[in-house]
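Same protein, same chain, two forms; see structure 1 and structure 2 below, as structure tokens.
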Structure 1
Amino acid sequence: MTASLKDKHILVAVCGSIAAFKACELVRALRKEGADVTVAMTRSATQFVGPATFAAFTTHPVLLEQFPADPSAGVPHVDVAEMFDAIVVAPATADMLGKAAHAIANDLISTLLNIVECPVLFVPAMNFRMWRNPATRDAVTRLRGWGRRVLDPDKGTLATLHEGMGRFPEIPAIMAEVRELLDRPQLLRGKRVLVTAGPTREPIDPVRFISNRSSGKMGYALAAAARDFGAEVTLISGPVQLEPVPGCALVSIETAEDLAAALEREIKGQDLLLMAAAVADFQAAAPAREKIRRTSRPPTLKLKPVPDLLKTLRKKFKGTVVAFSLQAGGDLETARDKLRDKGAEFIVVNFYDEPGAGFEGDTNHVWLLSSSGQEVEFPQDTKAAIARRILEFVAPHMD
């Protein structure tokens, strides 16, 4: 089935080539198929087509500067990089191909290409001598080797009236590539997936609580990946500083008791449970009704264990369960014991004492263990990429 472009967020990155005017036609073709298109331009591209033209075609401001004159909170080029389902670099010049292939980030578009995790399509257009230059050919080979799609330019009469390869490809050919780019495998089509994410907060008094450093990023990445694989997704989230995942139902909770109630309500009819929430192990035995005042003698805080939510739920839930375990020192044996104890089909293990694999960051390094004895390592990568790999492994083993 051909991928639909309706409501897809696509960035068209226009570089400095005489073919820049043909990007106008591409933008119109994408809009006609329902895509929400934003245009970014290099400074040299504006010498061929004015930004006002693309702004009129897209109804969005054109992105020009990596560091705008009126900076807002955050890092603009990083925020922009997370907005799109695909990027189409059209026309892609020899300069931009070389930058992308060698991690050069000295303008907005080259910086975005270093950051984005969405699919990228390069549509080259240049003088035939540039296209056959060994440096350009090497850049194309490197990009293709990394999974970026690079079209071959068409052969014909160029702007200089020379004959050769370098012409901007025909719009129907580009559109076909964009559709294929967005045609993700629907591994979970027709499935219902429930994801828990983030920490819980267990009150000590009305203003203090016991919690942990979980950012929720891994759980949110799993929800987004399950959605992209075609699932109907419900995300139960503790308190986090993250935007809701578009296309996923969001249930907000605070305490372990809230999470237990939400799981009880939402679990019916689900096919897959991804229990990524960092649920507190202990809670105050008797939370104070008023703020505990500071005294010369610190109060004694009595704790009690939080009920084992997953172990209790497993007795009722007949779908596939993926548990999560945070360990230290590369310890997999504890996770193997936990897998058996919880009755889960899979458990994902990461290590909080490993740089780039613990709390709050954007990367992770995990092991995926199965009840059948399979153990797979996913080397350090972004949490979005790790989430996709987990689901790609789990999906074929679901009932």
Structure 2
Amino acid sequence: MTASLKDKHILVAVCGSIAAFKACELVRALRKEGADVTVAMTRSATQFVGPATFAAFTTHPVLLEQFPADPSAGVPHVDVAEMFDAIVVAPATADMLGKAAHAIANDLISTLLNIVECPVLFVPAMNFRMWRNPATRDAVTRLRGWGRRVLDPDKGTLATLHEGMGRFPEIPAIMAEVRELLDRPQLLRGKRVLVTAGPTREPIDPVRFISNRSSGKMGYALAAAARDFGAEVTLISGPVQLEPVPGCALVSIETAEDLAAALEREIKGQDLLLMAAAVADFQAAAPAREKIRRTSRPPTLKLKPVPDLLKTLRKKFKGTVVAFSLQAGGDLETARDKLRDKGAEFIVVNFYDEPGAGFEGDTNHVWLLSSSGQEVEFPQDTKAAIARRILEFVAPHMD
């Protein structure tokens, strides 16, 4: 399901690219879908298209100056920054991408980009050499890392008749991105979210360990979704084969003991804990100091239970806790007991014996149970989609 643009307040920030005239078409397309559009222009942009064109298309005055000749009361750019559901920087110049990536705020648009908390989409258009310039690449990587959406420009014949990547993307592609952007309501804006992900490893000796099949994919998807919903995210991760989630602080751990210490350090000031890590239930009672040698009689491995991290944490953590439970055969009863036992507000249940769910894969099928008795099923979908649905359900129940 994609978001409707009806009555959404969208700022189209036009920069000084030869493609500035194409922003007129974008503004019209947004308006046709019911969006309330305001245009801001850089001084360079006005060299390419007159503000009167955009004023006519939008029926709003065009925002041009950070320091207008007749200053009004207050700090207008701060007020403006709070007015919009989304900002589309189109065309985005190499100059504006660089400024946004480096906290440079020396005109109205770059200042707004430094302040806004709403979703931002950059639609670059530039000479192909400008696009592949390492400084531009670096700016794009930084912005994407912070959860800003930066479209790739199209490949084709550029204004200079050069062939290359740099063309302003087609309007339908931009519109699809804008819808996608607005489909990410900032449900967790201003919230701090702590996510644990992946397995733990419990040593048997210096070279061997007990672990489990957790890939960390569900926890990483939750971290990315929480970031996209506007949260400040810390991800505590066991050993996994995944790239760090851009825009989330990463704390790497190995054992359940490391995890307990990391949780102890990181939990302060958090609003939501998503405990997706597959923490070992048992550890070696006495890990050997040296590698256990092969002998004709295999050694006996004595295990002891790992302390219950969540139960311990619950006593001091006042925020919302989402526990995770891996069951078999569609068993929800055990998870209901676990929810009560842990004192969590929610528990996500998935099943290791179900194809396309549980560990390792890219999809999942879960039940979300709440301490107030709600039980909802999220049918099989990508872990990214399931993560969003979990957060959409949980966010309104947070203080």
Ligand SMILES: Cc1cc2nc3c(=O)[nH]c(=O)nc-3n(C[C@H](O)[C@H](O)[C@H](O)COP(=O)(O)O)c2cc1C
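This structure is a prediction, so every number in the text was calculated from the model and none was measured. The term rigid core refers to the maximal set of C-alpha atoms that superpose within 1.5 Å between the two forms. Residue numbering: structure 1 sequence, from 1.
- Each structure shows the same chain on its own, and structure 2 is the form predicted in complex with the named molecule.
- Splitting the chain into two rigid parts for the change between structures 1 and 2, with each C-alpha assigned to the part whose superposition fits it better, puts residue 101 and residue 262 in separate parts.
- Smaller rigid part rotated by 131 degrees relative to the larger one between structures 1 and 2 (C-alpha superpositions, whole degrees).
- On a core-based overlay, residue 181 has a Cα shift of 3.8 Å between structures 1 and 2.
- Core superposition gives residue 171 a CA displacement of 6.4 Å between structures 1 and 2.
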